[in-house]
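In structure tokens, the next block holds one chain alone, the form predicted on its own.
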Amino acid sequence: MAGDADKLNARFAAGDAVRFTERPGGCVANLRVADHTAVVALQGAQVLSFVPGGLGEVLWLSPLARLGAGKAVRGGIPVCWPWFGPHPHEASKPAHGFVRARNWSVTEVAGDGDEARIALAFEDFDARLEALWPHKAALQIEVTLGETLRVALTTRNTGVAPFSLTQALHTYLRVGDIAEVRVEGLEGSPYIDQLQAGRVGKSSRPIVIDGEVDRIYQDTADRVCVHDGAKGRVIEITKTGSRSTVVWNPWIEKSVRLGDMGEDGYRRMVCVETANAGRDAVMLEPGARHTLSLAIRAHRG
């Protein structure tokens, strides 16, 4: 709503390190440290942009993306929670859970010259959400900007019964041309091929993309490198709290079906998602917590 940014700035703004502005459909936090910038939407606690100084935009955002449209924004780093992909038992429930399209609350900001940070929380598990997921939890996201962008999603079980969840930080990386992209770091890890009815595969070679790809890599290491040949850079993703990594590109036909990728969007992006998916589910006892985190940095190479 109009005026939300003013209220947030009055309560939370941290100099030039964290400032809030209005966009059509919603409010965003703008983080800045030196010549590094990031943008975080309150809708979905979703990072929309990360620009490390001199290296260009690292995250892909659809030119058709809009806040406040009643659905998740296509691009950036959406939060998939408390299930990844289709609901495991009821196809009528929203894909990738229900926190991506809902507003989160700002709880803290900080800026010290070297880093800028914002924390957002989601605790509004009302009756409508209980119909989708009958558990109690508290979520927090911390986004920290420096030369590296760090995102940490913490789930705490606030109920009286254990629950299991799958989740992902569904990172869309911007590349110059998908034909010149090579993904390294997943060689030798078995993957579930979502396009082949869950067939399990394995490859000893880096990933190149020349068609639709939708794979859940299991038992993965904590570092993946995306070589972006057209832009002459390497994007490194490290992670904690995760043993699965999802690689996704919808290619041509699915992009048309999705309807919000934009013209040739598939050529400018690849998703490398930090996840707990497939057999890598998280079980939380009452009072327990789990943090899923990633760090993204880029360099010439």
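Just so it is clear, the model here is predicted, and its values are computed rather than measured. A residue's number is simply how far along the shown sequence it sits, counting from 1.
If you look for the form predicted together with 6-O-phosphono-beta-D-glucopyranose, you will not find it shown, but the lines that follow are about it.
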Task: Segment assignment from 90-98, 159-167, 222-230, 131-139: heavy atom within 4.5 Å of 6-O-phosphono-beta-D-glucopyranose in the predicted bound form - done: 90-98
Open item on the list: Just to confirm, with a 4.5 Å cut-off on non-hydrogen atoms, which of Thr107, Gln194, Ser189, Thr148 contacts 6-O-phosphono-beta-D-glucopyranose in the predicted bound form?
Closed with: Gln194
TODO: Classify Trp81 as contacting or not contacting 6-O-phosphono-beta-D-glucopyranose in the predicted bound form by the rule of any non-hydrogen atom within 4.5 angstroms, answering yes or no.
DONE: no
Open item on the list: I'd like to check something about Lys254: if you look in the predicted bound form, is any of its heavy atoms closer than or equal to 4.5 Å to a heavy atom of 6-O-phosphono-beta-D-glucopyranose?
Closed with: yes
TODO: May I ask you to check whether Ala41 falls inside a 4.5 Å heavy atom distance of 6-O-phosphono-beta-D-glucopyranose in the predicted bound form?
DONE: no
TODO: Consider Ile235 of the chain shown here, and say whether it contacts 6-O-phosphono-beta-D-glucopyranose in the predicted bound form, taking contact as heavy atoms within 4.5 Å.
DONE: no
Task: Contacts with 6-O-phosphono-beta-D-glucopyranose in the predicted bound form, stretch 210-224 (heavy atom within 4.5 Å) - done: Asp214
